[in-house]
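Take a look at this single chain in structure tokens; it is the form predicted on its own.
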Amino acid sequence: MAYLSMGEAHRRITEYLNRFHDAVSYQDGTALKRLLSVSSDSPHLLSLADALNLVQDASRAIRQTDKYAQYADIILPLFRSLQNYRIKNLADSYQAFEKSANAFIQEFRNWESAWALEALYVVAYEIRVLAERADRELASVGKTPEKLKAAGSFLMKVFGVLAGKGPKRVGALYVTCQLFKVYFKLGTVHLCRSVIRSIETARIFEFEEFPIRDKVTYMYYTGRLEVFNENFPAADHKLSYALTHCNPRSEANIRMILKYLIPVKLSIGILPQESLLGKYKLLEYSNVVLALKRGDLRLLRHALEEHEDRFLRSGVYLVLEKLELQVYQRLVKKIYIIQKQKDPNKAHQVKLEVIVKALKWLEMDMDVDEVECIMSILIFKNLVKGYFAHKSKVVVLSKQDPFPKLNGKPVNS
């Protein structure tokens, strides 16, 4: 700014105003979206912010020129947002952008075609991103972070504009995904339900008509919701859809999907390859998988303890903790296989005391009564077929398929 002349500053402002006017006049959504991307740090917008911080009468010039004045309610607060963003005053930048965005939505309602959808997407994105940054700024100075909650309310208003008949409705899924990101960030995921109902039950929507990018994001977030609800078949379907249709070059996005899909797959008895865990840097699951293969309860518990913070942040800790039943099943199966090699005729009779000894070898101190309780649960959950001979403290296994496979069904089904 030290080297910026007043004439150059006026030129930059006038150039922006002309580009804005032309983008709307010629219905050029691509050009318009670039003019609204406050957080993009584009050289053009940063240089415009420098010019605005030098010129004091930009608002008067806009309102006195007819072709600019009609968009003054959008442009003037947008200019204030840019100015504040440039000097890292993020809370004020958000506040001004929200005012500009409200004016933009009013104009968008009046445009009959969907030419400005890409610009609307930028507005929805900027509202969320600026709100997140503003809240971090507010928290850092001891103030209440409140902008992201306001952004959620604004995005619901945008969703209402799009959730009707006509070509604009195709934008509803993008705004839905932005809402999901807000709700997950705020920890208010229950608010997703009403939006999901609108997308999945309203007849005006056909899911396949939405852009693939938005469908992948939608299935990722709704899949995560199903994980929280412990509806693992639905979570498997949604997250698998997201994985199948995700851009194969977007390794970061694939990793995000797998972070939730792997625990879901484990819960229904499907184990990932070690090479997959290595490729997408998800090695925190390596020992979990190994524990399932070995029937090693100690290894599972150590893996959960080692990565507890990460699993808790992801919301998958409870899912992984419930894998203990599968580990017990695998341990009993290994005992059964060893007995079958020694004496095939008595392999189906597993003494509880033998299981106790196996657990002690794994440094798991349990008595016979505790093991009997665990075996009862395994039988009840159909992880083991058999019955108890209580007097002799023996589990009598079925001679046909004593250890049923999950076949894609969760243990608690």
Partner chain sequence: MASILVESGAYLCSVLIGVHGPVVDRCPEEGRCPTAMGVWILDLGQQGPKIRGIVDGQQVNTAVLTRTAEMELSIAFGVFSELGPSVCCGRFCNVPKPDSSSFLKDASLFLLFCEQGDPSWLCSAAALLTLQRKILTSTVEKILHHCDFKKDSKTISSKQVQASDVRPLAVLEDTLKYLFNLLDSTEHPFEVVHEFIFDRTRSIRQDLSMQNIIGDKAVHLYERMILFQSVALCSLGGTAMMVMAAATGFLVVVTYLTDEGQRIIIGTNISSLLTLQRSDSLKLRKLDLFKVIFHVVSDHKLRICTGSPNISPMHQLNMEQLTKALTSLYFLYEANPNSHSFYKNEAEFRSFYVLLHLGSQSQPMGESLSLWLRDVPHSIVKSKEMCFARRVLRYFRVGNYKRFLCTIEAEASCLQYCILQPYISEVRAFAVSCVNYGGYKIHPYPLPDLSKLLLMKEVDVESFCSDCGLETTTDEVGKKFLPMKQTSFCHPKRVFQNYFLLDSRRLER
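What you see is a predicted model; the values in this text were computed from it and never measured. Positions refer to the first chain, counted from 1.
Beyond what is shown, the protein has a form predicted together with the partner chain; the following relates to that form.
Remark: Ser376 counts among the residues lining the partner chain in the model of the complex, judged by a heavy atom distance of 4.5 Å or less. The closest non-hydrogen atom of Asp369 lies within 4.5 Å of the partner chain in the model of the complex. Using a 4.5 Å cutoff between non-hydrogen atoms, Lys238 does not count as a contact of the partner chain in the model of the complex. Interface membership of Leu312, defined by any non-hydrogen atom within 4.5 Å of the partner chain in the model of the complex, is confirmed. Only one of Tyr71, Phe228, Trp111, Tyr280 comes within 4.5 Å of the partner chain in the model of the complex through a heavy atom, and that residue is Phe228.
Residue Glu308 is the only one of Asp343, Glu208, Glu200, Glu308 with a heavy atom lying within 4.5 Å of the partner chain in the model of the complex. The partner is not drawn, yet in the model of the complex one stretch among 166-174, 88-96, 282-290, 320-328 has residues with heavy atoms inside 4.5 Å of the partner chain: 320-328. Contacts with the partner chain in the model of the complex, taken as any heavy atom within 4.5 Å, map within 174-195 to Phe184, Gly187, Val189, His190, Arg193.
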